[in-house]
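This document starts with one chain, in the form predicted on its own, laid out as structure tokens.
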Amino acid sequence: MKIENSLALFNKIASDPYDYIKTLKEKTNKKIIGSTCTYTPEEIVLAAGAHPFRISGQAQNLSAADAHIQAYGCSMVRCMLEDGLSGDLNFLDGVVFPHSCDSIQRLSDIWRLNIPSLHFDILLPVKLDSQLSQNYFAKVIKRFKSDIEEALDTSISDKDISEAIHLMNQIRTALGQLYTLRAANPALIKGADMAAIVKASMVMDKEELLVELNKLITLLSKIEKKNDARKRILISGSICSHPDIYQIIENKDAVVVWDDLCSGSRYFEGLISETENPYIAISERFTNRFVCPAKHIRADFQLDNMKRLIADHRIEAVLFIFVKFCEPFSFDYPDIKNELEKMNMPYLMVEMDQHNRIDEQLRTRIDTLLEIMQF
């Protein structure tokens, strides 16, 4: 199998995830459980014999969603709601709403009132830095397990959960290997292709996904490393749904070698213990990984994580991509910005709506950042 064929598969699924899921449902007759955030414990969904599917939101026209959510609301949430209201997500049997931020909590309320499907709320703790929150989180996971058992009329054993944990650990390890390979040799895969791999990983049948990831790793591992003098960029934020950004950067003699995104490394970072109580183990991964700013560990956590990523991956500039009106990510930005300035690290912050295309103004701003890096 050629690398081009492998990448084509991931790109096809990432470009039309709804079509893939409809086909998967017809073939397997599995229940499809949508999720709205990376805080969804996919292991529990898998253990129930269902398929977890990350809703990314494909809508371009948000007329129906605007009747329920103000125009200055999170565009990612509005896109998901638009797809639900329009019927594009009718293949879903249920949806999981982890209470990770205010916008998703409100989306849960609106969805429950307007879109018929099984409905799962996961009431997450906000502070994750105490044993009390850890114990509470584990109970939340166990409650979700009971809720999905009742809703799907099934029984989930600890063995089922252990097998799902093992499978997801293998997938996360494989995605981490791909990121590491590319960081060491950025010419292996284009940035847009890497983003498509992660997006497809949130969609694909997990057994099929693991096979395809391992095939790609085997192919890439055989390629000799080349010197790459391009400037090394880190993208930070919640999601990056605009693959053109990677092409813009690569056209300017630079390359994104790592990210700190919910649509990127935050999805696969951190493994789950396979020896502990499964509910505690799952909750520990969520509290020990690179948590998003909607959750709190300590005041300087996001800053320390940023500095570590810069050092580990020899980052030469940081591009912050924030969804407009996303308050949690905006709260930490001033402190991180000030520290980057002390480090003489070039940076740029851009705010984007998920459903809008990249305009010339944004292209110019990114070009300016990359030109600054040349001096």
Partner chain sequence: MAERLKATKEMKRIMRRYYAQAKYAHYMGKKVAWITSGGPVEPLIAMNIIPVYPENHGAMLGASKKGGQLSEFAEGLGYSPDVCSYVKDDIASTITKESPIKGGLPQPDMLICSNNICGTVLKWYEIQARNFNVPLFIYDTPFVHTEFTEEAKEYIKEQTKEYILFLEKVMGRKFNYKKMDKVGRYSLQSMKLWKEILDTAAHKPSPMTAFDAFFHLALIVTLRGKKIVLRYYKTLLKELQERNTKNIGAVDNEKYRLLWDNLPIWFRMRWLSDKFANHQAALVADTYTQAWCGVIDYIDENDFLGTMGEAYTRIHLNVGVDQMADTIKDFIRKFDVDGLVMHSNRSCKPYSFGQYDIQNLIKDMDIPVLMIEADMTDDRKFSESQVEARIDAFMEVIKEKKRTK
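Residue numbers count along the first chain shown, from 1. The structure presented is a predicted model; accordingly, all values stated were derived computationally and were not measured.
Form predicted in complex with its partner chain: not shown, discussed below.
S.K.: Kindly confirm or deny that R106, L132 and K295 each have some heavy atom within 4.5 angstroms of its partner chain in the predicted complex.
M.R.: Heavy-atom distance to its partner chain in the predicted complex: all three under 4.5 Å.
S.K.: Please identify the residue among R230, K206, H99, K190 with any heavy atom within 4.5 Å of its partner chain in the predicted complex.
M.R.: Answer to the contact question: H99.
S.K.: Pick from I223, V211, A184, V126: which has a non-hydrogen atom within 4.5 Å of its partner chain in the predicted complex?
M.R.: Selected residue: V126.
S.K.: Among 255-263, 169-177, 133-141, 153-161, which stretch has residues whose heavy atoms lie within 4.5 Å of its partner chain in the predicted complex?
M.R.: Of the options, only 133-141 has residues within 4.5 Å of the partner.
S.K.: Since only the chain is shown here, I'm wondering whether G49 would be in contact with its partner chain in the predicted complex (any heavy atom pair within 4.5 Å).
M.R.: Flag for G49 set to no.
S.K.: Are any of the heavy atoms in G84 no more than 4.5 Å from a heavy atom of its partner chain in the predicted complex?
M.R.: Although its partner chain is absent here, G84 would stay clear of it in the predicted complex, with no heavy atoms inside 4.5 Å.
S.K.: K215: heavy atom within 4.5 Å of its partner chain in the predicted complex?
M.R.: Outside the cut-off, so no.
S.K.: Is E274 close enough to its partner chain in the predicted complex to count, meaning some heavy atom within 4.5 Å?
M.R.: Close contact is absent here: in the predicted complex, E274 is far from its partner chain, nothing within 4.5 Å, heavy atoms only.
S.K.: Quick one: which residues from 61-95 get a non-hydrogen atom within 4.5 Å of its partner chain in the predicted complex?
M.R.: The stretch touches the partner through D66, A67, H68, I69, Q70, Y72, G73.
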